[in-house]
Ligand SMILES: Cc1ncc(COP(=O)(O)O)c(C=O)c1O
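Starting off, we have a lone chain in the form predicted alone, written out as structure tokens.
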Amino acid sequence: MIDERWEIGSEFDWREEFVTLDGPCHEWPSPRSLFSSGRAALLSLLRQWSDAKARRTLHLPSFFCMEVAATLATVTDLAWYRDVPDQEAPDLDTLRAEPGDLVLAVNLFGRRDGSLWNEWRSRNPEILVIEDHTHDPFSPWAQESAAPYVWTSLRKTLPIPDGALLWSPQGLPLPSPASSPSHGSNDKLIGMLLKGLYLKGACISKEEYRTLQMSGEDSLAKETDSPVSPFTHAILNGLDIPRMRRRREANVREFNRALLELPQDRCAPLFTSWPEGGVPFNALLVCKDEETRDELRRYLIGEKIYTAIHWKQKGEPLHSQDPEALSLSQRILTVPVDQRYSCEDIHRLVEIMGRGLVRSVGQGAMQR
């Protein structure tokens, strides 16, 4: 990456450095179904378990992607239980599932292990538990799961244009994708290739690959029963997953360590520890208030650092009504520190962030 095009975040670019020539680095579950997106995988599973006479109820964590929840609500009734990632564990006393209901158990940001859910599931065998391991697809919890169903949106952590994996540790029937590959997958792949060339200095504009990335994402969201693309299907066994996980975890640790050098009254890590063998989704910050979060985010965009909010609830037509989830959603910020970046990148990122926090303090004083 040439310095004048240095950036952090946004969509993945394609890099051959993450392809191994030594054979498969991971043993994938079998049987399995591969969909274009996590939304497609989960919707297909819910349709399989739907009852023509009475809709089932799906219980979701109160801190969740409300855009996805709104899509799920088209095929099932929704209920909520409290699971907020600034707390050590979900509050399963708020989970009021009944026999025949479905429950989505989520490893939020990769900071959970499965012990609490394993115990709860053993006490409630008449309730169908679906585990979501999108934020850490290869954690010990995911790999050793004994849940009825497990799914993960692989494209959220791996540099692939599309892809979600669904399997059943209990050997239950799996839905299959019903249509042809998504047109969005092709747009996303071309966007990844062009972005990789752009970062190396090629005569390509950001607008060219960003347009493809955004149109591809829009198509993936709409095509809710598509199979994984041929490219992703072919490349999965060639990805050096252990190497990517080692770098991602090291980057999160280094980010959290470097963050200690900045004033802690403006923002702090959401968590600094995670289960052994697990890897956090990214660096997660909790800011003092919504104004601080939004001002910092705007500043970082100007410095070509593209953070995300996982997930907005304020202003969404659907949300969990949980005040703790709403409060956190207004202060949280996801900082991408994944396998694309070096230790030098992490220190540069934190240095820039420090300037942004000082700037926000000064502006706040002037406004007062």
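Keep in mind the model is a prediction, meaning the values are calculated, not measured. The first residue of the shown sequence is 1; numbering continues from there.
Just so you know, the form predicted together with the named molecule exists too; it's not on screen, but the next bit is about it.
Residue-level contacts in the predicted bound form: of C65, L318, L326, A308, one residue has a heavy atom within 4.5 Å of the named molecule, and it is C65. Among K195, R245, R266, R155, the residue placing a heavy atom within 4.5 Å of the named molecule in the predicted bound form is R155. Contact check at 4.5 Å (heavy atoms) against the named molecule in the predicted bound form: all three of S37, T134 and W151 pass. For the named molecule in the predicted bound form, the listed stretch (300-308, 25-33, 57-65, 337-345) containing residues with heavy atoms inside 4.5 Å is 57-65.
With contact defined as any non-hydrogen atom lying within 4.5 angstroms of the named molecule in the predicted bound form, the stretch 264-285 contains no contacting residue.
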